[in-house]
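Coming up is one lone chain in structure tokens, specifically the form predicted on its own.
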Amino acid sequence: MENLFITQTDFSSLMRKLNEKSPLYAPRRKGDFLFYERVRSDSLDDIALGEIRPIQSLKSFLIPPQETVSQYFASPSFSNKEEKIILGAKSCDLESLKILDSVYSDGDFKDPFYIEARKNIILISSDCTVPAKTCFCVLLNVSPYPKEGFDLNLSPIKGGFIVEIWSDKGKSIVEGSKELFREPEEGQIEERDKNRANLVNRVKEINRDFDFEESFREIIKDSLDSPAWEEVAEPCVDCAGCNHICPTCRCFLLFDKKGKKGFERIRLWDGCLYTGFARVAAGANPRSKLSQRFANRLLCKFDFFPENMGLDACTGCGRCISVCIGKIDMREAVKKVRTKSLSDS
């Protein structure tokens, strides 16, 4: 993987140049969170390239919360045909794309809408610099800095960024603006590596109470009937905010509605915590209790998905903790299931 250096000034010039060709989205701080916003060439100063992941995930660019997937007697039209440049994506979100890809593009089912959107994004990721108390990527063997899955990655150091090239798209960007890049000077790679090592240690320190001998997979597997789920789910208000904010939750429902020119089919994000999610004919519901639905969500992430896809369907981004109205911490939930399991054994 090739490493280059770009100054902060030259990086701004590069972003302005890219923004002339494609819409550019980057994180901006609003209150307690970072949000992706469309960035104009004259408003690059207040974007947040370090810090942590935005509260939005990359999923929202690839699978909109609501989209028309077909119109009766008409060919499907793609809403994500325009190329987009997404700046500042973090390692946990790049990891989440592996889960989404395995469902929407790499398996037997090929979702043309997802594939079209995936093809038309350029990912310029960046290292995290300030972990939040909700971050737990290291518990799932995900680093707080990207290792793969990006086009270009930015690692902030004094005076600018170390730039890593991972894809042909990234190489093309660099070759189109060679004058803005140069070889790293002595000590710059070492500075980046030191920053990364310090960051990993900080995230590990945040999560020292949850660094169990067993993996989350081992703890959650076969825990469906654990009485711990009743206690864990008690503060839950059934809002499904964790489902919708999660970068790897991918369930949706389809419904038809009448439009101005006939009927159309809509795809809408769904959530397994909703009461009616598992309801079947005649009103029967195998997961009528909230504790059952809560358990099912974690079992899906750490049992069903690993068993079938070989991947944890969680990247430790901590968004579910950040948005939970009931103040439920997934790490604490896993800890309680583990404690109950150990006490019963």
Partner chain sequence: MENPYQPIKTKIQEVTRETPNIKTFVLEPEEPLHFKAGQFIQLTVPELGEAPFTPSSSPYEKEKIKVTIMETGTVTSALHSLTPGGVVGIRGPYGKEYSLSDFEDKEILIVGGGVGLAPLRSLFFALVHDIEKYKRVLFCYGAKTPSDIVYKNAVLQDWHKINPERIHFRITVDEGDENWKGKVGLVTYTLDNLNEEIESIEESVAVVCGPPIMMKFVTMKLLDIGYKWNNIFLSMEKNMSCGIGKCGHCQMGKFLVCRDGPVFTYDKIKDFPTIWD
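Positions refer to the first chain, counted from 1. Nothing here was measured: the structure is a model prediction, and the numbers come from that model.
Keep in mind that the form predicted together with its partner chain is missing from the display, and what follows is about it.
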### Message
Only one of 120 to 128, 133 to 141, 255 to 263, 181 to 189 has heavy atoms within 4.5 Å of its partner chain in the predicted complex; I'd like to know which.
### Response
255 to 263
### Query
Does at least one non-hydrogen atom of P112 fall within 4.5 angstroms of its partner chain in the predicted complex?
yes
### Task
Give a yes or no for R28: in the predicted complex, does one of its heavy atoms lie within 4.5 Å of a heavy atom belonging to its partner chain?
no
### Query
Using heavy atoms and a 4.5 Å limit, would one call Y145 a contact residue for its partner chain in the predicted complex?
no
### Query
Does its partner chain get within 4.5 angstroms of any non-hydrogen atom of S70 in the predicted complex?
yes
### Residue among I86, V103, I206, L97 with a heavy atom within 4.5 Å of its partner chain in the predicted complex
V103
### Answer option from D193, E234, E218, E116, heavy atom within 4.5 Å of its partner chain in the predicted complex
E116
### in the predicted complex, residues of 270 to 284 near its partner chain [heavy atom within 4.5 Å]
D270, G276, F277, A278, R279, V280, A281, A282, A284
